[in-house]
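We begin with a single chain expressed as structure tokens, specifically the form predicted alone.
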Amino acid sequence: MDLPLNPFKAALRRSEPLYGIWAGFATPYAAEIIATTGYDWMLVDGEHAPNTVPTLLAQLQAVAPYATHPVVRAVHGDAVLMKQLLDAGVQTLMVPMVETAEQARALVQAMRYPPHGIRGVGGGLTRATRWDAVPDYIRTAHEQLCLVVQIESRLGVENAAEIAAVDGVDAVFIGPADLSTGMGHAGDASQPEVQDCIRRTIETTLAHGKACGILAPREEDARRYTEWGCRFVAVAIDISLMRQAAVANLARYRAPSQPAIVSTTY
């Protein structure tokens, strides 16, 4: 069996934008529904959704037959957790709250086997190797793994050039909610100084030859960030879509008790 290809990693090298959706229901059934809708990628969230390694594995299995590529976000950059996720078959891993090049280099080490890293060898125990059916996995795994680091603080923005320059970091993803909140604007990324930080991070990332992504559920934001150079943009959140549709549907029959708010702070 050949090493499974990572179409998302390959697509990041092209110029067309990749449109994604946040998958936060933490169930394989909901993830599979999302995978049938045609988005280029989906973020299976292990940070803020109530996911564990087994639930993430179940979602990977559920969406495997579909073209939508699962990007898994870890709860943090712990090397032991990353090892479990990679062994479960995660090909594209996003790690939140990366603020320094030192952190980024440690994450790259966790993605790779010795002598180039510290990832432990699971061999025939792991789905990643298709239970030892993939020949020479240890020597070739890095070719199809994709590391996305999240910049979502002022310090991360200040160090964006050094982070993007780290060999083994494939892409940078900006977190507008945490960034704006950390800058004193409580989730309001529309503030000019936050927008300036976002644009500078995009430009810095691109200048180092890396792809940049962002979460932007509002259409005007998504289009602006795409114009600025973002290569992969999450334009929807499944939980928000369901809630908005449910509120709007009820409003057809009686006056809503509260407006259907479009979430921008996930």
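In this text, all values refer to a predicted model and were calculated from it rather than measured experimentally. The first residue of the shown sequence is 1; numbering continues from there.
The following text describes the form predicted in complex with a small molecule, which does not appear among the structures shown.
- The small molecule is not drawn, but in the predicted bound form it has no heavy atom within 4.5 Å of residue 162.
- The small molecule in the predicted bound form comes within 4.5 Å of no heavy atom belonging to residue 170.
- Taking the partner from elsewhere, residue 56 is found to have every heavy atom lying beyond 4.5 Å of the small molecule in the predicted bound form.
- The shortest heavy atom separation between residue 237 and the small molecule in the predicted bound form is within 4.5 Å.
- The stretch that touches the small molecule in the predicted bound form, counting heavy atoms within 4.5 Å, is 177-185, out of 112-120, 79-87, 154-162, 177-185.
- Looking at the small molecule in the predicted bound form, residues 73, 150 and 215 each place a heavy atom within 4.5 Å of it.
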